[in-house]
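Next up: just one chain, as structure tokens, the form predicted on its own.
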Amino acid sequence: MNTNKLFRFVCGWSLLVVFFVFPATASDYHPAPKQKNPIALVGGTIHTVSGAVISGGTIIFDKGKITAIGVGISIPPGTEQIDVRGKHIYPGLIDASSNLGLLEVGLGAPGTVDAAEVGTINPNVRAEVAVNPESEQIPVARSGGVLIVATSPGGGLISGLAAAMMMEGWTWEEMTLQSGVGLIVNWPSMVFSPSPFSQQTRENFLENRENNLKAIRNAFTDARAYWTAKKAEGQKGIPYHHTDPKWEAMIPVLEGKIPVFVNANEVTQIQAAMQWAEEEKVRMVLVGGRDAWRVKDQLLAKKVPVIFTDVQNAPARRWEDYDLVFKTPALLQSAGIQFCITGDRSGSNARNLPHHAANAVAYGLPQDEALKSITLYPAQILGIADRVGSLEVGKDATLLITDGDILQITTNVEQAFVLGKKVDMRDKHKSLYNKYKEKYRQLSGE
């Protein structure tokens, strides 16, 4: 078989594998049109988050913005009224660290993975442009109450810029609430922990660690030099400096406009990263934070917020309390540290975000703080609290209607609105549930 025939043969079989092993099915649910008329949700329990809980209240929104909240407020003529008596209204939940939209199937289907770029220093990577609006994970996340996700790139040492994405829209442009909410830095491991499955020696580990730390420092040194040159190019006698997208993307970080999201869990990682951020004079947000409880005083003194991931996890060391991870949010809150709770950073599990917050309540975190940890607090850390995170006049009408307390596992999200748009609440999980419910109804002879 010649080369051309072999190529056609391989491509043909590859297409068959794609169509029969990974069938592409068009989903019935679709994005909603823009809000056309005012809507009033009447008679529900409104959890404003930033203020008091309003029983039997009304919330009105128009053109994607909240226009009125309260009890007995006047409803303008032409307003669509929805009776929500006995229901609860919450701001849309916010997952502050996830790969949702960047990874669909994973192993066996590399074409559905766009979570990382080649190379170790990629500050110019923008997560939003890679988000797949057709992801089946998006409607599932909405059904769990998650309406905004900080989608973050991964890989390398400097992965790129995270973006706050709304879980509704035909395109990534429509879905983008705010691009460049933070620069992702993956801090190298600082402690050599030999594995029985690894052949790495201590010497190799130390060499790799120093090389990685040097690469991060060099990147910021180069970005700062570039920034200085670009600022000077307008002066008389100073030549034009060519534009480099890699270093251009880091200027907002150096200016202090956006933070660095440092992925670190172990105590020496966290301490080293805080010292580095102080030396670089950049704002740092700790992501992960498994050992954050061990450096509470330092985090508080340096005003480093924490995006705490995966409350539903086991302790990292044999001597730690079995419930240490469960109660860490309560420890951070009682210490006065700005924090929020996220899930396990997997887009497929984003729907479980309220369960992580509820788990923290069971281990000491006050319930009102738990609700803020998945609404207002992540909005503040991500720099989007002027639009979302609480229910206030002037903010986006991105909210939920539930049949109970959002932190109870039995609660269902009955309807969601994103920028006032009534979201289609169908998803793959519900479709499969109804399908097999019908199967067993038929088998029972009903």
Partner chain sequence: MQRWWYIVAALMIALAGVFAQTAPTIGLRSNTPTVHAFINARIIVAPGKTIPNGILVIRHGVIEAVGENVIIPADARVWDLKGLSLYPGLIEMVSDIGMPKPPQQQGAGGGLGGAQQQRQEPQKGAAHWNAKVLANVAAANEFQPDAKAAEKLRSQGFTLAVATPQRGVFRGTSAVVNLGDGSATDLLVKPFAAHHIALEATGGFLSGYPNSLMGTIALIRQTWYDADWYRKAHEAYNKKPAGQKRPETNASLAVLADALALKQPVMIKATDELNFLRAAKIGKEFGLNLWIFGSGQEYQRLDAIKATNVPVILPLNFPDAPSVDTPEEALNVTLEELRHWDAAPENPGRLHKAGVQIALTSAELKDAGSFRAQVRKAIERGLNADAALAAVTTTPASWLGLSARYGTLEAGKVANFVVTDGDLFVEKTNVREVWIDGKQYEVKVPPTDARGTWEMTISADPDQRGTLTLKGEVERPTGNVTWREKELRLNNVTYAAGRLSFTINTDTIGWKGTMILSGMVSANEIHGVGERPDGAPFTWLASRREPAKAEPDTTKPKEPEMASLPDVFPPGEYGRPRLPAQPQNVLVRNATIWTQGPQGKLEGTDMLVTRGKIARIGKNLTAPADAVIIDATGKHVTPGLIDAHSHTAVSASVNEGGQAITAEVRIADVLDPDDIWIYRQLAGGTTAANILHGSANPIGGQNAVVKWRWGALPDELLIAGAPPGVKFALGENVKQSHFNPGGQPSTRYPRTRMGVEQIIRDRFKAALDYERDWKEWERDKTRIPPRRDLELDAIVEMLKGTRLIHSHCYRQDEILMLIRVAEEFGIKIATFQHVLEGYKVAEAITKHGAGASTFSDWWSFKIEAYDAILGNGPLMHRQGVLVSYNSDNSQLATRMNWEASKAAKFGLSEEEALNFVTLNPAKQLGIADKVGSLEVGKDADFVIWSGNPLSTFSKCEQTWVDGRKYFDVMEDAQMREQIQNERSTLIQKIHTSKRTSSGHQQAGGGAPRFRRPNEISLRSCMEGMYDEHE
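Fair warning: this is a prediction, and the values are worked out from it, not measured in the lab. Positions refer to the first chain, counted from 1.
Missing here is the form predicted together with its partner chain; even so, the following discussion is about that form.
*Asks:* Among the candidate residues F220, F326, W187, W276, which is the single one with a non-hydrogen atom no more than 4.5 Å from its partner chain in the predicted bound form?
*Replies:* Here the answer is residue option F326.
*Asks:* Scan Q178, Q333, N122, S348 and let me know which has any heavy atom within 4.5 Å of its partner chain in the predicted bound form.
*Replies:* Here the answer is residue option S348.
*Asks:* With a 4.5 Å heavy atom cut-off, would you call I69 a contact of its partner chain in the predicted bound form?
*Replies:* Close contact is absent here: in the predicted bound form, I69 is far from its partner chain, nothing within 4.5 Å, heavy atoms only.
*Asks:* Quick one: is W170 in contact with its partner chain in the predicted bound form, heavy atoms, 4.5 Å cut-off?
*Replies:* Outside the cut-off, so no.
*Asks:* Wondering, does T201 line up within 4.5 Å of its partner chain in the predicted bound form on heavy atoms?
*Replies:* Close contact is absent here: in the predicted bound form, T201 is far from its partner chain, nothing within 4.5 Å, heavy atoms only.
*Asks:* Is there a non-hydrogen atom of E128 within 4.5 angstroms of a non-hydrogen atom of its partner chain in the predicted bound form?
*Replies:* Flag for E128 set to no.
*Asks:* Since the partner isn't included here, can you check whether its partner chain sits close to all of N212, R283 and D297 in the predicted bound form (heavy atom within 4.5 Å for each)?
*Replies:* Not a single residue of the candidate spot has a heavy atom within 4.5 Å of its partner chain in the predicted bound form.
*Asks:* Out of the stretches listed (250-258, 156-164, 223-231, 137-145), which one is close to its partner chain in the predicted bound form, meaning heavy atoms within 4.5 Å?
*Replies:* Among the candidates, contact is made by 137-145.
*Asks:* Are there residues in 318-342 with a heavy atom within 4.5 Å of its partner chain in the predicted bound form, and which are they, in order?
*Replies:* Stretch hits, in order: R318, W319, E320, D321, Y322, D323, F326, K327.
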